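One chain follows as structure tokens, the form predicted alone.
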């Protein structure tokens, strides 16, 4: 696929990071459009945090490069691009004995911002406007996450990078955080790069996805393409799954073999039509059901198809 790099706030080109005897990231190329909510998905240890730390300048890549707001990594003015970026990687660094406003004042000073005038507005934006006088040590986990995002938003960044922002939140806190991120994206046109393994929430938020596994990018696609990829399928248990392949190949149907007896058919075909076709063979149908593939199964399929010797897709 060819990309028009003028459309992207952040791109990486073959980005890699190796430690002594361990490869954390290998040949990763992602493309984050302006105004998007880009969700980087992968299990713990997939390389998500490593990728974020590299593009934030917290670590240096072993190989490859990246471009941030049109400036390539290595440009002596790359710091100017990083000023347009806000980050929260890991637990936010907070001063527990201070109030939320006082924490923000310290952040403003570190950024060289002389006026604290818009701190009340920023606290209201993240839902902490009623915390005056309360020390951060009394805050719930959700309130601390909100304050961490407020710190990342100091200076009105164009790109906000968040690493597992829902970690430790209860279901209500996750919903509130999701609404906050959507508000930032829609009302402030803030581009979001979010690393997460909480798959249930992401379809409500993401416009683009990147799937990481063992340091490699398995696939990158937009929400519309993912919706098409999360296709309906017929799950079939038969006496011999490999014997069904000839019939499916003859009809040019897309399928995936799961085991000696189980397979999934992705091409459009009615259950009635399938049963009638198999009835003419010596294959016994043990069970048949229809379902729609979700994001979790889509990721599992990507991992399985990419693993040698496990699963096939036609």
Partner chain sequence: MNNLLKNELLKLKRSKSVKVLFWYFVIYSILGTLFFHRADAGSFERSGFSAPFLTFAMHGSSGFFFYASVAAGLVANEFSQGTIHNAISCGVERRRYFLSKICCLLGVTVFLYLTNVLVRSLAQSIFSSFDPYGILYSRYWQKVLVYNLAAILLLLSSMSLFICIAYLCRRGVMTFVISLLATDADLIWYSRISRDKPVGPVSVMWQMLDMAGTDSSSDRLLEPGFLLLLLPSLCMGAISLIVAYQLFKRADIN
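Please read these numbers as outputs of a predicted model, since none were measured by experiment. Numbering follows the first chain given and starts at 1. Here the rigid core means the biggest group of C-alpha atoms that line up within 1.5 Å when the two forms are laid on top of each other.
There is also a form predicted together with the partner chain; it is not shown, and the following applies to it.
- Query: the partner chain in the predicted complex: within 4.5 Å of a heavy atom of each of 93, 102 and 151?
  - Reply: Yes: 93, 102 and 151 each sit within 4.5 Å of the partner chain in the predicted complex.
- Task: Counting only non-hydrogen atoms, choose the one of 56-64, 248-256, 40-48, 268-276 that falls within 4.5 Å of the partner chain in the predicted complex.
- Result: Result for this chain: 56-64.
- Query: Pick from 182, 106, 243, 175: which has a non-hydrogen atom within 4.5 Å of the partner chain in the predicted complex?
  - Reply: Checking each option against the partner chain in the predicted complex, the one that comes within 4.5 Å is 106.
- Task: Check each of 144, 197, 82, 71 and return the one that places a heavy atom within 4.5 angstroms of the partner chain in the predicted complex.
- Result: Residue within 4.5 Å of the partner: 82.
- Should residue 130 be classed as touching the partner chain in the predicted complex when contacts are defined as heavy atoms within 4.5 Å? Residue 130: no contact with the partner chain in the predicted complex.
- Message: Taking any heavy atom pair closer than or equal to 4.5 Å as contact, tell me whether residue 167 reaches the partner chain in the predicted complex.
- Response: Outside the cut-off, so no.
- Query: Taking the shortest heavy atom distance, is residue 87 within 4.5 Å of the partner chain in the predicted complex?
  - Reply: It does: once the partner chain is placed as it appears in the predicted complex, residue 87 has a heavy atom within 4.5 Å of it.
- Query: Closest heavy atom of residue 110 to the partner chain in the predicted complex, within 4.5 Å or not?
  - Reply: Yes, contact at 4.5 Å.
- Exceeds or equals 2 Å, Cα of residue 221 between this form and the one not shown, core fit: Comparing the forms between this form and the one not shown, which are aligned on their rigid core, residue 221 does not shift its C-alpha by 2 Å or more.
- Taking the rigid core as reference, does residue 71 move its C-alpha 2 Å or further between this form and the one not shown? Residue 71: C-alpha displaced by less than 2 Å between this form and the one not shown.
- For residue 205, is the CA shift between this form and the one not shown at least 2 Å following rigid-core superposition? The answer is no; the displacement is under 2 Å.
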